[in-house]
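In the form predicted alone, a lone chain appears below as C-alpha cells.
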Amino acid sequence: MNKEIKPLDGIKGTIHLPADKSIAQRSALFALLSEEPSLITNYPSAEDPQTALSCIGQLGAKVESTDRRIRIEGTGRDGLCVPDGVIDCGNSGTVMRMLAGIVAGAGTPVTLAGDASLSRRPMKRIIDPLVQMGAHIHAAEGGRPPLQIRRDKAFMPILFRLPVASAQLKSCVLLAGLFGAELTKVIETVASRNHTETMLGLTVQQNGKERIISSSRSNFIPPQNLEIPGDFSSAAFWLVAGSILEDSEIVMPAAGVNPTRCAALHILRRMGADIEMEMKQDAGNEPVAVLRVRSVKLKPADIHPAEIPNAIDELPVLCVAMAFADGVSRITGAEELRFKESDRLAAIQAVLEAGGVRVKAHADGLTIYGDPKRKIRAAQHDSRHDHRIAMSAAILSFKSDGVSEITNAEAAAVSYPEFWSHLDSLAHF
C-alpha cells in the first residue's frame, strides 16, 4: 500500500506504544529452551515477534495465544524437534541469528531461510564462531541465507571477542554456549543492548573497559514470565515528531528505557529536545518510564561511533531531526546501517534529498545540513520495504509543503503495525 501524508502544524496526544519486539522475540526463543512453562503478557502483533512464535513451534514448543497473552511450553535444551521443513525466519535477523546459535549448540539439523530482504543480509559473523564451536554450516554465496546447520563434531566452548558491537552476534554465541559443559565467554568493549544476559540471568563481569558474559549448560534457563514494556525504538519516531513540529506535545506511557537501548533519547536531549522522563515500576528487569515531548528549536549534534550500537535502530529518524537543527550534524561509525533491511544510510539520504535537504554521504555515515526554517518539498518516498525508512519518511513529510506519499508503507507492520493509525489519530487532535 501507499500512504499519503499531509503537512501538519503540530500534533498533540497520547500514544500507547507497541510492545518491544527485541524483548518479545527473545522471550519466545528463551521460553523454547526452558523446562518450565512461560507466560508472557503484552506480546506484540508485529510480524517479527509472530515469526518467532512460528519458528519455536516448528522446533516443538507448544504456543497458546489469548489477547496478547502467550503461554509457551518449551522443549528444554535437550528436547528440540527436527522440523519437517525449512524454518522461515521472515524478515527477522534477530530470530535467524539467535535460532542459529540455539540449533548449532543443540546439534539439531535445521535449515533457516528468510524473505528476500533477510536473504541479502550477510551471516558470516555468526557462522565463524559457530563453526569454531563445532557446527557445520552451509550458506549461500557471501555467507547469506539460507543457512543449513548441523553439528558433526563435539561441542567446543570458545572465548569470543566481538569484532563489532552487536547484540545479535553476542546473543547467538551465548545461546550456543548454553549447550556446553564448559564456559563460553563473550567479550565486548562497546556495550550493546543487554536484554539476552539480563533475561537469562547470565554472569557478567566488568574488567576495565571489557565486559565479559559467560554461558554454559550449568545455567538455569528461567521461564519467561514477564510483561513486555513499550518499544523505545517506536517511541523515537514520536520524540522526533514532537520536537520538530511547532505547538506539539506527545505523551507515551510505559516506554522501555533500558540504558543500553535509549542512546537516541540522550542524543535528542543533546540537541536541545524537551523530553521529560518519569520513571515507573520496572517490567520484569526492564526499566519503564512515561515519556513526554514538546516542540523546541533543535541544535546540531554529532553522533560518534561509540554511540552507534545503542542508537542503531533510531538513526534514520534521528537524521530527520538533524534536518531541522540549526546547523550541521554528522554521523560516523554507522556502516552497519548499510546491512539492515535496506542500505539505511542510502535510503534515508534519498528520503532527505527528495525533500530538499542537503546531505553528504560517507562510507560510515552522513553529514546533514540542518535548517529549522526549512520547508520540505512534497515528494514520493520509496520505503525500500524497510519499516524504519517508511516511518522516518512519514515524520519528515509532516513538514512538507504539500501531500507526500510513502510507497510500500505496509512495511511498518514489521515492528509497528499501529503506526499509521497512531499517526492519523495524532493528526486529528
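Every value quoted in this text rests on a predicted model; they were computed, and no experiment measured them. Numbering starts at 1 and runs along the sequence shown.
The next section is about a form of this same protein that is not shown, the form predicted in complex with shikimate-3-phosphate (S3P).
Within this chain, Ala167 lines the site of shikimate-3-phosphate (S3P) in the predicted complex, having a heavy atom no more than 4.5 Å away. Residue contact check for Glu73: none of its heavy atoms lie within 4.5 Å of shikimate-3-phosphate (S3P) in the predicted complex. In the predicted complex, Lys340 approaches shikimate-3-phosphate (S3P) with a heavy atom inside 4.5 Å. Interface membership of Asp313, defined by any non-hydrogen atom within 4.5 Å of shikimate-3-phosphate (S3P) in the predicted complex, is confirmed. Residue-level contacts in the predicted complex: of Asn219, Ser329, Thr108, Thr94, one residue has a heavy atom within 4.5 Å of shikimate-3-phosphate (S3P), and it is Thr94. Between 136-144, 201-209, 305-313, 272-280, the stretch whose residues reach within 4.5 angstroms of shikimate-3-phosphate (S3P) in the predicted complex through a non-hydrogen atom is 305-313. Of all the residues from 11-34, those having a non-hydrogen atom no more than 4.5 Å from shikimate-3-phosphate (S3P) in the predicted complex are Lys21, Ser22, Arg26.
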